[in-house]
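Single chain ahead, written as structure tokens, the form predicted alone.
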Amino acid sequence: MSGLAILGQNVFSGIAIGGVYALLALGIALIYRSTNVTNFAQGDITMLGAYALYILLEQLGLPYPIAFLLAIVVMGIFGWLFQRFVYYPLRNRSFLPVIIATIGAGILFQNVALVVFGSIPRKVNPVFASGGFTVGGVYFDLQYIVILVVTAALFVFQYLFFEHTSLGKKMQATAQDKTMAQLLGIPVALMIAFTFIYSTILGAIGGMLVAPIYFVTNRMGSTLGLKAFAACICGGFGDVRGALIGGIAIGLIEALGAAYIAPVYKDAFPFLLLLVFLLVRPQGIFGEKVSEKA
């Protein structure tokens, strides 16, 4: 394989995996915009989405489209339960108790998954059994193409939903100013619940897309969640565009760093990029610098 083909291969895989990070980062950004709280359980929600697909597809033997849609419905319900029992009781407290609650919930999800499924990694079959095809020395895995297509479709849907639907505009208004939205008659609590449901579905889809590439374990969400968090910071915390660009940037530096520097440090390169942003541009690519009075 030529050097150019190797570069193309790593760019392709990096962008594809970056799409998964972008979906998770988008979910984190939406929750942050609507509640001013970071959901540190987003990665573990991704893990639960992967397990939901595993149960429906591999254990119950349902067809892939039905299993995928049912998993989305199940995780949407789970998203409502999550906000009802984790966020809602603490909604009038400061941000710190809510953050601690999300961290605790993530640890709980990991341990429940460990008890139910054990420590043995689970395998989920890809969408297409044929594998992929080669063009110009670059192997295009069909599962990676599915990730790219679904990620692009979800971000287009995100734009159309928030800009051209009444519900989307109400959710945006709630995210921008909850007090003003309430004065305008918008049911703020309901909009926040919808945001949690949507964020959970995004994370679950990310887990279901990456499940055929990685083995499904109770710890898989930890690393994914941390990289998505890094993508949020690099792109601009709470910014939708930043979630997409940050996720792809994290995926690219991870793939290229592993290929050209050292594979053993693959998981360290995204956090090296995060460190650079924290030192040089802490507000991220699309974030605005905010000055505080002493």
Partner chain sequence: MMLEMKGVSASYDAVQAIRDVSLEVNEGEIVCLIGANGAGKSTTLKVISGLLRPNAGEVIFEGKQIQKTKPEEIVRLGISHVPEGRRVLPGLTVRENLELGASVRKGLSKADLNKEIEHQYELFPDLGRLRNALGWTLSGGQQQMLGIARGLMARPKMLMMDEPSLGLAPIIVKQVLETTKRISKEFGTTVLLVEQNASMALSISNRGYVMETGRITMSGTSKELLSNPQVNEAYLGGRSRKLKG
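Computed from a predicted model, the values in this text were never measured in an experiment. Positions refer to the first chain, counted from 1.
What comes next is about the form predicted in complex with the partner chain, which does not appear here.
Of the candidate stretches 133-141, 151-159, 220-228, 181-189, only 181-189 has residues with heavy atoms within 4.5 Å of the partner chain in the model of the complex. Using a 4.5 Å cutoff between non-hydrogen atoms, residue 169 counts as a contact of the partner chain in the model of the complex.
Of the heavy atoms in residue 173, some are within 4.5 Å of the partner chain in the model of the complex. Scanning 55-86 for heavy atoms within 4.5 Å of the partner chain in the model of the complex gives no residues at all.
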